[in-house]
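Taking the form predicted on its own, here's one chain by itself in structure tokens.
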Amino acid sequence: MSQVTRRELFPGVWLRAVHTNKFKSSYLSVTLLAPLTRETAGANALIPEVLRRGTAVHPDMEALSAALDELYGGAIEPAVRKRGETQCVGFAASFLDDAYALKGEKILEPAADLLCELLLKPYTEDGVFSSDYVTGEKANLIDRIRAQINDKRAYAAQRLTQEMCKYEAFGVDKLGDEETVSAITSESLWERYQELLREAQVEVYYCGSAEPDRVAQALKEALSGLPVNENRLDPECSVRVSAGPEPIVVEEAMDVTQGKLALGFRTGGQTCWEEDYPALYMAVAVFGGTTLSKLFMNVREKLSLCYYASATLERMKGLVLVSSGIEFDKYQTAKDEILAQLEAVKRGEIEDWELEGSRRTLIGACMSTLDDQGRQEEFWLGQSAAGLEESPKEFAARLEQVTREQVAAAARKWELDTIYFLKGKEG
């Protein structure tokens, strides 16, 4: 059995502790939650990468590696994520649980100290970040931004949200863009880092066998160097209720062998904060979220119109995004068929096996979250960003109650907002 508690360590600094004896390792993360903006996304994404290069005590990767080896070969990795219109940057660490230490020594405290040392005591030169570290990590980040185009499926989904949310924070990529990253200097990054430490809401997460009071004490001490601020920023997310009068259509041509068709729908203001959220979640699954969904079974399998076709939900933003791979000349047929399958869901034309199969898949996914520390951390970070406290188990119980009519009613509110098509170059 695991017990989940949440408490405030300092103003705007929260600890969520999952007390469990299920795992041989402990999981610890510290995440800064900042509003996603074009101006700051690149710098925010760069900060954990630069911090991971060295601290005042362990000035390079080699020294850090040796410190981790002393913790039975623990690992600390930078993490940059996006939840709604909040950018989440920080570190996730995994290390041997105290219960398995060979000589009964404590591992939680030194691991928490090392994690917070990375965050709060960076290696500096002339009072700012090392220019070598900044230059090296800038090049790496620009490479990552450029490399996004190599995975055409992910690229098409990214371009869809960029076009659909052009005037909303959600359209900003979590890594920022090449132009703003190129302009970053050691001095400007240092300034942004100070701002983040001062203003961002801080989410600390622990999963392991240590008692919550001990975890809170260890992290209070390790984070004592954080600036005190009574008014740390709460994450927010704007929701546009309806689509425009006509869908925006964006076409791009590239040297590709397979077309990518991506469709973006607005959910009519339905988000994770609504009472009927489980019905929305199920509607996405029935439409295109599982291998039993209408898109997979009909558009892909029966009609062979797509190499793949699936739908995902952006629950804080109220968006449903469809992703598909098609032959260039199947654009119209595939698009019409995807929309026809949605109409079937809206009319409630859902077989028992489609409804129950989706329900079992979703509930299975909820419950399996509890068997994976990394996925649990992802889940609770999302809940914190949304200001929600519902556990995977509680959400699974709500999914059990969803009816066919509720699924159809949720889908009926969706409106097509944007169509993105990546096609080949003629010739």
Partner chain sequence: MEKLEFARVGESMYHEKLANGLNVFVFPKPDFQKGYAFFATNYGGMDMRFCLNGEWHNTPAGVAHYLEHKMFDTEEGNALQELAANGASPNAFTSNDITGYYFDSTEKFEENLRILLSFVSVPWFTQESVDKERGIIGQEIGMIEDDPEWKCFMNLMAALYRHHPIRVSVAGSVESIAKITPETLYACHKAFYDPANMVLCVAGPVDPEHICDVAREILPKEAGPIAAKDYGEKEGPRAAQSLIEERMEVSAPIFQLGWKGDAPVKGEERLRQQLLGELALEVLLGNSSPLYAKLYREGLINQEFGYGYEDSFGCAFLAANGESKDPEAVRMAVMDEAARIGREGVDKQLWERVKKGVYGNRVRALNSFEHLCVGQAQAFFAGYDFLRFAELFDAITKKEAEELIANWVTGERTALSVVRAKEET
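All figures in this text were calculated on a predicted structure; none of them were measured in a lab. Positions refer to the first chain, counted from 1.
Just so it is clear, the following notes concern the form predicted in complex with its partner chain, a form of the same protein that is not shown.
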- Item | Candidate spot Arg192, Val241 and Ala409, all three touching its partner chain in the predicted bound form (heavy atom, 4.5 Å) | no
- Message: My question is simply whether Glu378 lines the interface with its partner chain in the predicted bound form - judged by any non-hydrogen atom within 4.5 Å.
- Response: no
- Query: Do Glu49 and its partner chain share at least one heavy atom pair within 4.5 Å in the predicted bound form?
  - Reply: yes
- Item | Contact label in the predicted bound form: Lys106 to its partner chain, heavy atom within 4.5 Å | no
- Does Arg300 reach its partner chain in the predicted bound form, with heavy atoms at most 4.5 Å apart? yes
- Message: Considering non-hydrogen atoms and a 4.5 Å limit, which listed residue (Leu370, Leu388, Val57, Leu399) is close to its partner chain in the predicted bound form?
- Response: Leu370
- Of Arg404, His19, Lys413, Lys22, the one that lies within 4.5 Å of its partner chain in the predicted bound form (heavy atoms): Lys22
- Item | Residues within 4.5 Å of its partner chain in the predicted bound form, restricted to 66-82 and counted by heavy atom | Ala66, Asp69, Glu70, Tyr72, Gly73, Gly74, Ala75
